[in-house]
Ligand code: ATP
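The data below hold one chain only, encoded as C-alpha cells and taken in the form predicted alone.
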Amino acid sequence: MNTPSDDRGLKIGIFGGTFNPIHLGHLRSAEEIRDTFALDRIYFVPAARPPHRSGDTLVAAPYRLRMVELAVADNPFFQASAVELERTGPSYSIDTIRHFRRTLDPAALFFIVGLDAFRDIHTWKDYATIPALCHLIVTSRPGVVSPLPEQLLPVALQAALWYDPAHTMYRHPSGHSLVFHEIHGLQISASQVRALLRQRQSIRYLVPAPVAAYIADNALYQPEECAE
C-alpha cells in the first residue's frame, strides 16, 4: 500500500533514490530527519529509471523495492512506495511529488534530497515548480563540510526563494520552506556495499540483516552483474 488514506493531513517525508541497495546509512539519515522535523511518516521511493544516472548498473527495480520493504518493515514511521516503479519512463521527482500531493492532500510534504543532487536542480524536469508544491530538506553527508546555508542556494532558485536568517532557512511565497540539514548518521554508501559484494566480502552491519539475506538468496551484485 503506497499511500494510506490516514496519512492525509500529516507531515509526510518523501525520500527518493536508487537504493542500490538500501543500507543503514539511508535508514539512520531518514530517522534523524523524521525526528528533527517531527515527520509523521517517511516514504522511501525507489527510482525505476533515474534520468541523471549513467554508468552505474542497477539491479532490477523489483529487487530494489523488495529490499526497501524488508529494510523498513520494523519501523512504523517508514513506508516503501512503488509509485515510480509503476510509472513508465524516467523517474522524475516532480511527478512523484505531484502524486503525493494528489493522493495525500492536505498533507504537508517534505521532499528529502541530497546536496549533490540539489546542486543540479536546474537540470530537473519542472524544477521551478517544486518549491510551490512542497517543503524541501536538503541533506549533506556525514563528515562533509558544506558552505553556510545562505551560500548554498543554486542560481536557478535564487529568484524564487528568500533567506530567513532568524530561522536559517529559505522561504517561498507559497509558505513552503527550504532547509539545509547536515546529517550526523552513518558514513556508509551503496557503492561501498556493492564493492564489498563484488569482492565476496561481508556486508554485515552495513545493511539490515533481512536485506543481506535477500541479497545472498538472490545472488545480487555478483561480479559479472556489477561490472562498471
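The shown structure was predicted, so the numbers you read here are calculated from the model rather than taken from an experiment. Just count from 1 along the sequence shown to find any residue number.
The same protein also exists as the form predicted in complex with the ligand; that form is not shown, yet it is the one meant from here on.
**Student:** Tell me, please, which stretch of 93-101, 126-134, 73-81, 112-120 lies within 4.5 angstroms of the ligand in the model of the complex when heavy atoms are compared?
**Tutor:** Going through the listed ranges, the match is 112-120.
**Student:** Quick check on Ile183: any heavy atom within 4.5 Å of the ligand in the model of the complex?
**Tutor:** Yes - in the model of the complex, heavy atoms of Ile183 and the ligand come within 4.5 Å of each other.
**Student:** State yes or no: in the model of the complex, is some non-hydrogen atom of Leu178 no more than 4.5 angstroms from a non-hydrogen atom of the ligand?
**Tutor:** No, Leu178 stays farther than 4.5 Å from the ligand in the model of the complex.
**Student:** Given that the partner is absent here, does Asn218 sit within 4.5 Å of the ligand in the model of the complex, heavy atoms only?
**Tutor:** Looking in the model of the complex, residue contacts with the ligand do not include Asn218, since no heavy atom lies within 4.5 Å.
**Student:** Mark Gln201 yes when one of its heavy atoms lies within 4.5 Å of a heavy atom of the ligand in the model of the complex, and no otherwise.
**Tutor:** Because no heavy atom of Gln201 falls inside 4.5 Å of the ligand in the model of the complex, the answer is no.
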